[in-house]
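Coming up is one lone chain in structure tokens, specifically the form predicted alone.
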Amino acid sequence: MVMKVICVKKTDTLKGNVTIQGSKNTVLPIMAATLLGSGVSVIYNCPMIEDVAVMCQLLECLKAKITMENHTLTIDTRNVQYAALPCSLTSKLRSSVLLLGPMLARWKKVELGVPGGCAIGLRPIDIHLQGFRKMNVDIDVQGDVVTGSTYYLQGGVIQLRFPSVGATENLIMTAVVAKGRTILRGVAKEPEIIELCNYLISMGALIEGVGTDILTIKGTGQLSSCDYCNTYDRIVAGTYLLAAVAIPSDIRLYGIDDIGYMKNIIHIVSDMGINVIKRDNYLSVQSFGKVSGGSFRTGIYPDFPTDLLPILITVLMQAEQVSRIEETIFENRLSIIRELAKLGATFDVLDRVVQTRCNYRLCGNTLVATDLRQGAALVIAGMMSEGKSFVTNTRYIARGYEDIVKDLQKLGANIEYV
């Protein structure tokens, strides 16, 4: 499939309403978790994005019956069958790794091509593998394939050396059906983890310590399928909040029922110069487009999310002072700098620390998206630049944004597909 190029022109103001889509990072592990039950699961507010489509294809390889209509995803796992999952599919989706735990839980074996996704840095699955081995799984990577088997899953005490979100999700989904009790220490605490735990509890899992860095899980028999209403995508919401920092705005973001999951983002953008007010069913966002810079650092939740780093760097090009940004998670998150330089921006970079100059006069150019969030940041950069900018490789953006062009058009941006 050939993706269209996005043409962006300088946008003087943002004004209007947009509804924030369902969360990508929440729905993907929930989809994997449906394998733990035998029945029909209905997921509401499911984003219609490329990553969801690939996960659907992987589940269909296991003979799950899937339908999607009006953001409602139905997954029937009553007649699923074991199958090896090919690298041709898993290489398209980093979250394919989340099928390791549910497949081991259901069939006591797994063969899965190594996961792919965005080229934002090394993302080894050794923490996943170490945890599985402590749960009585013989698992390893052989070439481009992960293979694993077990006579039975055994609970135990597992200390994660780093709070990996994916490893936390995988081990939770394995522990809920393992024999005995599992204690997971040093786990990730992202909202996606909380949502997954609550979903599993609805299926009949026994989990204590949800929202903390220590989870205690008592294994049970096969769980029961159940429905789930997906939460909003805090990264998509953060994308539009950050755009409003750099461009004078008066916008409303609907679909954000609880700001608890994005308080860290709201705190940062408020300090940068915008006014965010929570109303009954939307966020009111107003700004004069004057960016207050400063010192910023990404980190594990509840610190500022690494996913929004490329957009933060982009917005800070318009700051009234020099700013410093440090990335602590992925070594290749700073690849956006090469593309922003095409617009006339310059930066001082040392290892994973970027120092911006201030008040750039940016001129449009042709920009190449190389990962999901970097691609979204380039769209925002085009809105901040004189003339026209063309963003190519938009398939990366489609992995996580239902239609970033349509959303921004609703807010008055000069943007279209060409």
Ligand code: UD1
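Heads up: residue numbers just count along the shown sequence, starting at 1. Predicted model, so just to flag it, every value in this text is computed and none were measured.
The same protein also exists as the form predicted together with the named molecule; that form is not shown, yet it is the one meant from here on.
A.B. asks: Do R94 and the named molecule share at least one heavy atom pair within 4.5 Å in the predicted bound form?
C.D. replies: Contact with the named molecule, yes.
A.B. asks: Evaluate D138 for contact with the named molecule in the predicted bound form, applying a 4.5 angstroms cut-off between non-hydrogen atoms, and reply yes or no.
C.D. replies: Although the named molecule is absent here, D138 would stay clear of it in the predicted bound form, with no heavy atoms inside 4.5 Å.
A.B. asks: How about E208 - does it come within 4.5 Å of the named molecule in the predicted bound form, if we only consider non-hydrogen atoms?
C.D. replies: Flag for E208 set to no.
A.B. asks: Would R161 count as touching the named molecule in the predicted bound form under a 4.5 Å heavy atom rule?
C.D. replies: Looking in the predicted bound form, residue contacts with the named molecule include R161, since a heavy atom lies within 4.5 Å.
A.B. asks: Out of the stretches listed (215-223, 265-273, 287-295, 303-311), which one is close to the named molecule in the predicted bound form, meaning heavy atoms within 4.5 Å?
C.D. replies: Residues of 303-311 come within 4.5 Å of the partner.
A.B. asks: Out of I183, I329, M203, L89, which one falls within 4.5 Å of the named molecule in the predicted bound form, going by heavy atoms?
C.D. replies: By the 4.5 Å criterion, the partner-contacting residue is I329.
A.B. asks: Sort through I194, V145, I125, I337 and report the residue having a heavy atom within 4.5 Å of the named molecule in the predicted bound form.
C.D. replies: Flagged contact: I125.
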